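Shown below, as structure tokens, is a lone chain in the form predicted on its own; questions about how it binds or moves come after it.
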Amino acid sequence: MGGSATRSAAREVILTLVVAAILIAAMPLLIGTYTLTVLVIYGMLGLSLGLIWGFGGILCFGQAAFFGLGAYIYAISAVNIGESTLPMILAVLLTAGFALLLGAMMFYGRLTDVYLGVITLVVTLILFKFINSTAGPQYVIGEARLGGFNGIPGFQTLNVPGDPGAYIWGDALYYVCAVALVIVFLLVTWLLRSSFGRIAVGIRENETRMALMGYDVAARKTVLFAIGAAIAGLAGALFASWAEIVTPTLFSLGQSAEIIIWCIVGGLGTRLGPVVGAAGLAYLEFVLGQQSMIDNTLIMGLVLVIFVLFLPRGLVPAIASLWQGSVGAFGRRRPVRRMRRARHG
């Protein structure tokens, strides 16, 4: 049984790597790498919420807070350090640490889903208001001025570790971000296949039953919450390096809502769904941004309503069900044809 599961996991990893390699190589032929880079980053951000909401049952309206924190921590650290490797690590670790403290207060406080959503939303709005109010010269961390609504420009972007002069930008940045997304995707897959991941899904299905079985539900939800925040922090740091500026709009309510829409449209409870939803809707928004006749917000709202009404499980589960149905129907037809041939000799 264990050997079969191991072989199945190995096949899935190989398939993931092969498909990812083909997509990474082929997509620049269709879309510019500058746009592809941000789509990949948004895919990673969508995956971070898909992990904690789709598999942990934790509806978080504050994923934009972790995204923005990762970006600001990277920018502030890069200004002071003058190199990107340590700031990238700090963006992940400090964002995870912040989420760990916030999650411990919420989950050990036994807050229900509604209050979890409200608190994470309020934290996002607090950070948004605070960062907007830091325009004065007194708001300085080391050599980095927070800049208020103007944000922080002019920091060290991603470079080869140990060589601040060797910048990673353009096509190279796209490939780095794409590889990072694949690695994060495989780590999430490994986490969900582990006992921790299976228990997290059990908590999502029936939290009381898992608690009665002796599992520390609050601790496991806190850790999962922090892991999702760490992924969002990494996405934020990569976004900062791509945009070369960070502003308070990263913490905006609109950003928080978009991440939730990505997960719903792509398909909750799947690993690929939030990635596809994020990249697809972000590209749709990019295309619509080139015209001024229709408001983007109206289109995004319409897409959400259509999916909730007609594809409530999301795009990826719907495609998977359609594929399985067609393959199953094809498999059923083949034995019937063989029986007919046997009867007619």
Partner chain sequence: MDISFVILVEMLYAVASLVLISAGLAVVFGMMKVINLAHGEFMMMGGYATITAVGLGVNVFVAMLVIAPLIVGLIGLVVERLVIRHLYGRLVDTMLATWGLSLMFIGLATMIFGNTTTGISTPIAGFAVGDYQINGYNFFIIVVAILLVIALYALFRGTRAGLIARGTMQRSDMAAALGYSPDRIYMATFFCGSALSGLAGAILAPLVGLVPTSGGAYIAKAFITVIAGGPSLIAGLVSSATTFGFVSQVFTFAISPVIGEVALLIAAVILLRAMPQGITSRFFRGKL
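Fair warning: this is a prediction, and the values are worked out from it, not measured in the lab. Positions refer to the first chain, counted from 1.
The discussion below concerns the form predicted in complex with the partner chain, not included here.
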Considering Ile264, Val182, Ile168, Val223, which brings a non-hydrogen atom within 4.5 Å of the partner chain in the predicted bound form? Ile264
Given that the partner chain is left out here, which of Leu121, Ala218, Leu272, Val92 has a heavy atom within 4.5 Å of it in the predicted bound form? Leu121
Answer range among 76-84, 228-236, 256-264, 197-205 for contact with the partner chain, defined in the predicted bound form as heavy atoms within 4.5 Å: 256-264
Met105 near the partner chain in the predicted bound form, any heavy atom under 4.5 Å? yes
Check Gly301 for me: does it contact the partner chain in the predicted bound form (non-hydrogen atoms, 4.5 angstroms)? yes
Using a 4.5 angstroms cut-off on non-hydrogen atoms, would Ser133 count as touching the partner chain in the predicted bound form? yes
Does any heavy atom of Met213 come within 4.5 Å of a heavy atom of the partner chain in the predicted bound form? no
Val19, Leu30 and Val160: each with a heavy atom within 4.5 Å of the partner chain in the predicted bound form? no
Can you list, in sequence order, the residues from 96-127 that come within 4.5 Å of the partner chain in the predicted bound form, counting heavy atoms only? Met105, Tyr108, Gly109, Leu111, Asp113, Val114, Tyr115, Val118, Ile119, Leu121, Val122, Leu125, Ile126
